[in-house]
Ligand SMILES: Nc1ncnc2c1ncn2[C@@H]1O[C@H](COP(=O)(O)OP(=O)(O)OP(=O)(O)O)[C@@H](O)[C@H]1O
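This document starts with one chain, in the form predicted on its own, laid out as structure tokens.
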């Protein structure tokens, strides 16, 4: 049994008095500790699929199970990081990171100890007393990552978390989240429409077709842990994903590379 099992899952909802299918008949198995990127064009249902895995939305057909339990609602065992950082402006960095720990009734001294560990992990030790408005976007996203990790989740769902950042900050945070995923041994499901980002981060890339999102292929990235965006091997994989991304979908075939 896989850690996350998606079986023939579809999501349909009413949009402007018409039925709209976000994704359809998706079957996917994810193992514990994997870094999975959901890749596809805008409107392919990748964020809706992530929300269904995280329990924010229920599938209308098929099923999603985590660790053998059907997903019916969000769980404190999993956290989701969105593109908008969701920080509370009246709370300091440390107090933002402590938020989930407060909800878990962790004692005050222990909360501060845990928060400090994860603030240090994301490189913000010198900023723990400042407020979000005093931080630029990349630093705010680091705070949201620290807050997510502080509650020790089994899975981290990330919905295009670096999409609003400049290229240099984005690459730095990609390195940070890779380092964290290896050190903390978390299962990460990461939504992106950026092919290079997917190749740089993922153990496997799940490519979806547009409108509705169907599983086009699952590609196991044949690169080591330390990836060089300028290397020939990296560029070859990037070009292969680009080909698969733009390949005309065949509803009868699931391409597994």
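Remember, it's a predicted structure, so these values are computed and weren't measured experimentally. Residue numbers count along the first chain shown, from 1.
The same protein has a further form, the form predicted together with the named molecule, not shown here; the description that follows concerns it.
Interface residue in the predicted bound form among 42, 225, 69, 230, criterion: non-hydrogen atom within 4.5 angstroms of the named molecule: Answer to the contact question: 42.
Distance check, residue 216 to the named molecule in the predicted bound form, heavy atom within 4.5 Å: Residue 216: no contact with the named molecule in the predicted bound form.
Any non-hydrogen atom of residue 193 within 4.5 angstroms of the named molecule in the predicted bound form: Because a heavy atom of residue 193 falls inside 4.5 Å of the named molecule in the predicted bound form, the answer is yes.
Close approach of residue 20 to the named molecule in the predicted bound form, 4.5 Å, heavy atom: Although the named molecule is absent here, residue 20 would touch it in the predicted bound form, with heavy atoms inside 4.5 Å.
Any non-hydrogen atom of residue 160 within 4.5 angstroms of the named molecule in the predicted bound form: Taking the distances in the predicted bound form, the answer for residue 160 is yes, it comes within 4.5 Å of the named molecule.
Partner-facing stretch of 59-67, 44-52, 194-202, 29-37, counted where any non-hydrogen atom is within 4.5 angstroms of the named molecule in the predicted bound form: It is the stretch 44-52.
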